[in-house]
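This document opens with one chain alone, in structure tokens, the form predicted on its own.
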């Protein structure tokens, strides 16, 4: 196990003033550069000396990466926009409240003042074996220490456990998947746009990375289309403590109704797999059905098909089932 020194290694710090300057730096230092957003995830890695790079690019001076603007009935949110700004922005509150609710339960108020939306969706997993420097699969080794007979794995995955059982810790990611958001990624070679659900990687695709970002690339903005504006939303996060804690399971749904019939729905869950999962089978099974207890119960059972508990996280299966059930059924806490 690595020794935690709480002292940062030596590195060269750059503070570009524009996206183009940042991309030039990332291109010049590919393979040995760390991008610093709000720093809430980065400082942990650097202080514990688990990650070592010679170059850090601090984006705090890049004004182009901040702010929220309305576009075509939807929103475009700069990747460096803080979670606090997301929570309190009038357009987010009015049209896409599910994102405000998700951002508002991240960590603590002090952290949300500094943490960014781009950082929240791009943060690395919180598996303590991996973050403590153990040579697991995700770190380039040949074992998953969280998936052994004596492992402590209460917070780990119940779905898509392919060698690595660490989970995505983001709260905003499931909400953005439910909203059918798009992530704008730039490099010196140009721009590409990926769906929120495709931004995240499972270990079966790439066990050493959580997102599709390649060397030299930068997440610059998140676009939310007008498609789900003012839909009926449901958000819920279960955690051990009401402040600071990461999710044990979270769920986000956006629903359109025709009377009491579900005409369309998107639903995503987090902290049950290495990536936030869109529950397409649940969506297909509930479309055209009445929004009833029976429909919700069937959705909950369908959601957990294939779930496999580890030694200490069997509780996540009924927890996920019930959260999906509530997301479909709605209750007094649901927002519109």
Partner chain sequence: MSTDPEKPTEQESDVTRREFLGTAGAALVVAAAVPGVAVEGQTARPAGTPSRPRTQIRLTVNGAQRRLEVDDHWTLAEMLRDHLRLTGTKLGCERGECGACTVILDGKTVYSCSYLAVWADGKSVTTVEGLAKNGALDPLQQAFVVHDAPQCGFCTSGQLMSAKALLSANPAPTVAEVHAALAGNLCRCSNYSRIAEAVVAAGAAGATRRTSGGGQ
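Here the structure is a predicted model, which is why all the values come from computation and not from measurement. Residue numbers count along the first chain shown, from 1.
The form predicted in complex with the partner chain exists for this protein as well; it is not shown, and the discussion that follows is about that form.
- Among heavy atoms of residue 114, some come within 4.5 Å of the partner chain in the model of the complex.
- Taking the partner from elsewhere, residue 160 is found to have every heavy atom lying beyond 4.5 Å of the partner chain in the model of the complex.
- Shown alone here, residue 94 lies farther than 4.5 Å from the partner chain in the model of the complex, counting heavy atoms only.
- The partner chain in the model of the complex comes within 4.5 Å of no heavy atom belonging to residue 300.
- Taking a 4.5 Å heavy atom cutoff to the partner chain in the model of the complex, the contact residue among 215, 73, 109, 189 is 109.
- Residues placing heavy atoms within 4.5 Å of the partner chain in the model of the complex fall in a single listed stretch, namely 52 to 60, out of 27 to 35, 270 to 278, 52 to 60, 291 to 299.
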